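Just one chain follows, in the form predicted alone, and it is written as structure tokens.
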Amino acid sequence: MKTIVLTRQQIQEKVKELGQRISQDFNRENLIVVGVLNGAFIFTADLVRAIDLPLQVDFIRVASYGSGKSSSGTITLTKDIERPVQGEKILLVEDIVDTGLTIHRLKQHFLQHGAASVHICALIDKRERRELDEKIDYIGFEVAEGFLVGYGLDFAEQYRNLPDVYHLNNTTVPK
């Protein structure tokens, strides 16, 4: 049995709403949107199309999960962005904020490299295992618990292509 947590329609409506809020908040300012690979690539693509601002897009990649269902606690930067951030406003786009460790590390990374500001946008805020309470400026959805897949979220690099977000349990997976 499949359990849909977020439908593609709910996601599309929320992405449009987030894009409008970000456009209003940054009021025609230049922005570098940085998607966190691999999970946020779909969300980032949809979000930048909903933002009406001059912007640049880049991606950063970190590893913390491997093929398991819980973070290893070790965060390794495996791909940095390719443009300088000195004096720039950064919008860091994450698929899901769980422990808060990854997003905290990335925010510090950009601030240490001279970014003027770092704002965080997460499709999903899931607080059940939160270890660091980093402020999330733009939250799509709050989900209480469970391991989620679809719309970029994966389990062992599978299920990213699903258009909806599902709860993954031990007995069933979305097809």
Ligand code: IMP
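Quantities reported herein were computed from a predicted structural model and do not represent experimental measurements. So that there is no doubt, residue numbering starts at 1 and follows the sequence shown.
Quick note: we don't show the form predicted in complex with this ligand, though the next part is all about it.
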Triple contact flag Val34, Arg61 and Thr76 to this ligand in the predicted bound form, non-hydrogen atom at 4.5 angstroms: no
Partner-contacting position among Phe141, Tyr138, Phe41, Phe147 - heavy atom within 4.5 Å of this ligand in the predicted bound form: Phe147
Counting only non-hydrogen atoms and a 4.5 angstroms cut-off, does Ile90 reach this ligand in the predicted bound form? no
Check whether Leu101 has any heavy atom within 4.5 Å of a heavy atom of this ligand in the predicted bound form, and answer yes or no. yes
4.5 Å heavy atom contact, His109 to this ligand in the predicted bound form: no
Report whether the minimum heavy atom distance between Val15 and this ligand in the predicted bound form is within 4.5 Å. no
